[in-house]
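Shown below, as structure tokens, is a lone chain in the form predicted alone; questions about how it binds or moves come after it.
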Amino acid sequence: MASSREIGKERSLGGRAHFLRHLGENWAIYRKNPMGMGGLGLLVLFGLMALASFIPPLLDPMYHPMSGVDPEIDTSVGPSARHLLGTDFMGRDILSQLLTGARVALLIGVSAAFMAVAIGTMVGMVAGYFGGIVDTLLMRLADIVMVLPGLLVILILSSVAGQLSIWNLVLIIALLKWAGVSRIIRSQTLSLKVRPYVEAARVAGASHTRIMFRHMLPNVLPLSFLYMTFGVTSAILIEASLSFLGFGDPSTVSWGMMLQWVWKTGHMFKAPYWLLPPGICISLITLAFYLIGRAMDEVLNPRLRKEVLEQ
């Protein structure tokens, strides 16, 4: 007879094979969506831009996005062989700033969305699983957070506390954006907790923590990931808006900060080579995550998934 260790190993291998097969099926469905593939292509492009942002300062300190200044230029000039997108009002390279802005946008967007989804997922699971007074208190708290005007709250905090650093901004966005996710996860948890396998685990003596994290969390994570893609878009737009209004971190180069510099120095209608690149990048990166989210909906929505498989 096979030992318990061998049986456990076989089960582990079987679970891994099932996961890989399920992942392959999801990727096959995702690939059929041209919007999803377009969004993924744009995201790869911005990822490459973020990686490339480390290169210019290594080649020449003049290309440092914040402190690098061309010694022969002290004002904003158009594109040239030396500065492919031109320079800003201090003679700093716009292309270097644009590449650094991609890194900052991805850092803020992904970090804030991940934290918001993590908080929302845990709150939604706890509320849906335990129900009763716990559910009532958590959902009323979520209702309060949902009705808060997020941008206005951040502007007030910025006015009171001064300039917000990148990580302070990430934390504030996360604390303002978890509520919507928690309601979706709560609904999913209410459905999962009456499933036969959860009841079997409860009868077998599994603890509440084990049931939530071992049996229920894997089933809600795909839905959490879907809403994370939309959360990234919201976080990037909030950061760009705050920076443009002058409440961003002045020690960090971001696309919103670039737009603010264009506006404050009076080059809004004089230097399209400075104005258009960050504006286009903000639009394209938000579009990329929106398209990925729409494609992920096809993968996770049973009705849409069935329609794709039947095609």
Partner chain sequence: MNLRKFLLVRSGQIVVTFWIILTLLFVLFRLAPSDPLSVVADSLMSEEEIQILKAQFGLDEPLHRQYLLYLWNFIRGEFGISFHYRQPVVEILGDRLPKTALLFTTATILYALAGISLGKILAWYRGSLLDSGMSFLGLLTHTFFLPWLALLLVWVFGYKLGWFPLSGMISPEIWLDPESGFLAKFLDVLHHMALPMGVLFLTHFGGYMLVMRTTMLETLREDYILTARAKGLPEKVIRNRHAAPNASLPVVTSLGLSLAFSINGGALTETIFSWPGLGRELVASVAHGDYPLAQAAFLFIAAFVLVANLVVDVIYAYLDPRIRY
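From a predicted model like this one, the values you see are computed outputs, not experimental measurements. Residue numbers count along the first chain shown, from 1.
The form predicted together with the partner chain exists for this protein as well; it is not shown, and the discussion that follows is about that form.
- Although the partner is absent here, S158 sits close enough that one of its heavy atoms falls within 4.5 Å of the partner chain in the model of the complex.
- The closest heavy atom approach of R140 to the partner chain in the model of the complex falls within 4.5 Å.
- In the model of the complex, the partner chain stays beyond 4.5 Å of every heavy atom belonging to G38.
- When the partner chain is considered in the model of the complex, G150 lines it closely, a heavy atom lying within 4.5 Å.
- Checked against the partner chain in the model of the complex, the residues M146, A201, L107, L190 give one hit for a heavy atom within 4.5 Å, which is M146.
- Screening A240, V232, V117, I94 for any heavy atom within 4.5 Å of the partner chain in the model of the complex leaves a single hit, A240.
- Remark: of stretches 63-71, 281-289, 25-33, 44-52, the one touching the partner chain in the model of the complex is 281-289 (heavy atom within 4.5 Å).
- Of all the residues from 109-135, none has a non-hydrogen atom no more than 4.5 Å from the partner chain in the model of the complex.
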